[in-house]
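The data below hold one chain only, encoded as structure tokens and taken in the form predicted on its own.
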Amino acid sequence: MSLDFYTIDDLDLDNKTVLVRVDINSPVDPSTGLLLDDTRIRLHAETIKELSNKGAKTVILAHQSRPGKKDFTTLKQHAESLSKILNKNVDYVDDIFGINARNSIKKMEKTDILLLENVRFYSEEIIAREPKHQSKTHLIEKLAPLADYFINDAFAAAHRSQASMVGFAYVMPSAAGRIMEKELKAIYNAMDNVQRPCIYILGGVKVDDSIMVMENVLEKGSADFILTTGLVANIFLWGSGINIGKYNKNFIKNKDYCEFVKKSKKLLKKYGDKIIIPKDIAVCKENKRIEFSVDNIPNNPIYDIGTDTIKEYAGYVMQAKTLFANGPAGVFEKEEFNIGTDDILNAIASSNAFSIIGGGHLAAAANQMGISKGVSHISSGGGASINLLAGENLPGVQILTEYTTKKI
């Protein structure tokens, strides 16, 4: 797949004002309100530093969580963290496109960096619409006239058709930032040059995403095997006719995932030889890990795949030449139930395959384990990468290719 969009290399940035959209959404301690991890801030610091070094006046647009969540907060801490990482002052203004924000942008000098307030404090940002409509929101109409270029570096939010993601690129010269560029090159290159065997490991609780990927890669014949873990595995176990216990069935029902049990039955019927489900699992009983064969699952919550399954999956991983993994194998936050996630990640890192790990929890686990160097590419965006693997267009990328290449 060709990547037809401009990058930072195509822009004359000296003394130009640049709006750059990043995704520095970070974990927040619910008890203290402090940032727990600066991984994404460090990632985007690369693009921001380059823009400043090339003489740009860099105006940063970003979000933190969404309305209704406990970690929905201002970006003041993010500015402080970014300042330390860059070893350069990053100004922060608690305004998005009001008079304070606009005046702050107008006063900027060459190489200055300014972080605006959480764009999701603005209600129109949350609404997904076509780029043409987004370009007419107050956010774009107020800020676009103040800048020369828009740079989208927020790959992790590229599957969102929100104002700050698609509105600017509709009306002004735009390009991809370094993170966006690297992500797309790595994932598209892997998809276009799949070496066999190609194995997908799909887990976690976002079952709809995993089912979408399965349907796409199985229909196209681009996956040799799909190893199921996490809630995805529980749904396929149930779909295969195995009694996963009342507790686990109710958990799936409460999430309104019963439709995916029906889909799993159809997929198993059509591609049963390619979809691998666990042969044993680990349940949480009296706060302890106890393993059972899938033929004898008790009425306790399934928190991980079992030892025999881990060994079987590791065997698949070691024979693979291309690996895509998304979602943890179990409740890896609890020490007794992180075995499946840790062992599979270790197998991936030890394999000779070209490997891509989706963002979110699995990427965090890989970083915590210190095995990220053994993985070919760790994506900063779980939702965005999984949508690409499922054959979906990413609005934040599509707008860069459709409109902005005609304007620079």
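Residue numbers here begin at 1 and follow the sequence given. It should be emphasised that the depicted structure is a prediction, and the values quoted were computed from it without experimental measurement.
What comes next is about the form predicted in complex with a small molecule, which is not displayed.
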query: The small molecule contact at Lys206 in the predicted complex, heavy atom, 4.5 Å; finding: yes
query: Lys88, heavy atom within 4.5 angstroms of the small molecule in the predicted complex; finding: no
query: Contact label in the predicted complex: Arg42 to the small molecule, heavy atom within 4.5 Å; finding: no
query: Residue contact check: Thr17 to the small molecule in the predicted complex, 4.5 Å heavy atom; finding: no
query: In the predicted complex, the one of Arg289, Lys142, Arg120, Lys182 near the small molecule [non-hydrogen atom within 4.5 angstroms]; finding: Arg120
query: Selected contact from Ile305, Ala176, Leu202, Ala156, since only one has a non-hydrogen atom within 4.5 angstroms of the small molecule in the predicted complex; finding: Ala156
query: One stretch from 156-164, 222-230, 329-337, 253-261 that, in the predicted complex, holds residues within 4.5 Å of the small molecule by heavy atom; finding: 156-164
